[in-house]
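One chain follows as structure tokens, the form predicted alone.
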């Protein structure tokens, strides 16, 4: 347990774009931190350095061909060490600090178990941008969300009546930091698995959120049959719109004294 140190940790998200997506609370914490440990894009790093003069970039812990798990361990250790040295630490991560961010969760859990103050604040994630850019409301059809490699290796039950979001289709079965990957055989496997639920002509969307305000997001519409021809980045996301809502359960509808017309009018206007 902690005895003397007064170090603390707040984990924040910088959003997807370079600026404009940080909350006022996040910006205030960044200004008053003793040290900011960052895992953000190059342009976002410059923005952080304008807010706080003591920003340390942890992105250099990534190495070509090196296991990402080892990199995450080093990031976690650096965060924990700075807190234990007595500093008021803010760890700033790209997007939402709790989505696809292993070190944030591990560091908070470890520090809390040892009696330190550690918390996470929400940030704008790629999924938030996706909903806004594509105009798809996940509450309308329901939504299922998977990491691409997990989806292929686990026996998930996919509901084609729901919108599907499959993350990181450019990193299937790649557990290293690989900036130069050119072959993506996992896309063929992913396509073949999805063809069990959708027709070859079912429309899908290839999506990448914009990281700078003046650039448009990547939004490509194509048929599922053509997925293997896509050239993805590690951050590329695939969205599969619903094939349509399922039929109503009329027994439950009757018990609740509803009709399909009344339900749809109240829910969707």
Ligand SMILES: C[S@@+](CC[C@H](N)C(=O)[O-])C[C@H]1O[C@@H](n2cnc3c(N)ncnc32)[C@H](O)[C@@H]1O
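Quick caveat, the model's predicted, so the values are computed rather than measured. Positions refer to the first chain, counted from 1.
One more form of this protein exists, namely the form predicted together with the named molecule; it is left out here, but the text below deals with it.
Heavy atoms within 4.5 Å of the named molecule in the predicted complex are found in exactly one of 135-143, 107-115, 83-91, 164-172, that being 164-172.
Although the partner is absent from this view, residue 12 stays clear of the named molecule in the predicted complex, with no non-hydrogen atom inside 4.5 angstroms.
Contact annotation for residue 184: none of its heavy atoms lies within 4.5 Å of the named molecule in the predicted complex.
Proximity of residue 211 to the named molecule in the predicted complex: non-hydrogen atoms within 4.5 Å are present.
When the named molecule is considered in the predicted complex, residue 100 lines it closely, a heavy atom lying within 4.5 Å. Contacts with the named molecule in the predicted complex, taken as any heavy atom within 4.5 Å, map within 225-255 to 234, 235, 236, 237.
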